[in-house]
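Below, in structure tokens: the form predicted on its own, a single chain.
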């Protein structure tokens, strides 16, 4: 059974994911922030310093990872995506502009999605998966992912294990996320735009993530950790990431994998049913705008 199961017999599967947003989430608040040198330098730290340090750490510990990169970021830094792939890791689609799909029309979301795909096509980067900016998918997003031949999305939260979605344009795997496994909620801070207001000790963050990984082994879950190089690439925080990976490796029954490999296993798992998306029918008399 384990040979065809998405987890391959592991007690839990860990996907280390890095959203290489750089300046894009700030510019999504308004292009005027491009004139704020301190703010732009804060974000540029991610691809300039954080990504190389992260790649070295992953290489030292011999674990694979997935890097979700907005097309605009890959376009501004033409060698970035290739430098990640060359180290054996996966690059995945993270929109073009890092504007949340929920703020766009359906046509606008499609245009942004396709513009990002075109950037990676020009750079020769194979793309298998997608993560919505801010995890703010619309009901149209999964079909857009399937229509463009991708095998998975990683933006939704209906489980803590992979699940399959019939989109109408094809079947995809969903690799679910959760705010508790996102470093943005722990570390993000800027005075303007205010993207967060708490800077937590890496010691406390490590304690929380270790507890979650350990507990997930009981339920055979997907530990889908979302990190941002401009946040977790900083020294004390990266040491917490190192300690977390070493903890997972030391357990002996946790498998580290790229998202595309987990998605392929999930799509091949006969025990995972595929369910169509069902949009909620909302009575306006009960829930008015």
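On a predicted model such as this, the values are computed, not experimentally measured, just so you know. Residue numbers count along the first chain shown, from 1.
The following text describes the form predicted in complex with another copy of the chain, which does not appear among the structures shown.
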| item | value |
| --- | --- |
| 86, 114, 207, 126 - the one with a heavy atom within 4.5 Å of another copy of the chain in the predicted bound form | 207 |
| Interface segment, criterion being heavy atoms within 4.5 Å of another copy of the chain in the predicted bound form, picked from 212-220, 117-125, 86-94, 144-152 | 212-220 |
| Residues 80, 108 and 167 all lining another copy of the chain in the predicted bound form, heavy atom within 4.5 Å | no |
| Touches another copy of the chain in the predicted bound form: residue 45 (any heavy atom, 4.5 Å) | yes |
| Interface membership of residue 228, another copy of the chain in the predicted bound form, 4.5 Å heavy atom rule | no |
| Partner proximity in the predicted bound form: residue 62 to another copy of the chain, non-hydrogen atom cutoff 4.5 Å | no |
| Contact test in the predicted bound form: residue 35 vs another copy of the chain, heavy atoms, 4.5 Å | yes |
| Residues of 181-214 having any heavy atom within 4.5 Å of another copy of the chain in the predicted bound form, listed in sequence order | 181, 185, 186, 189, 190, 191, 192, 198, 199, 200, 201, 202, 203, 204, 207, 208, 211, 212 |
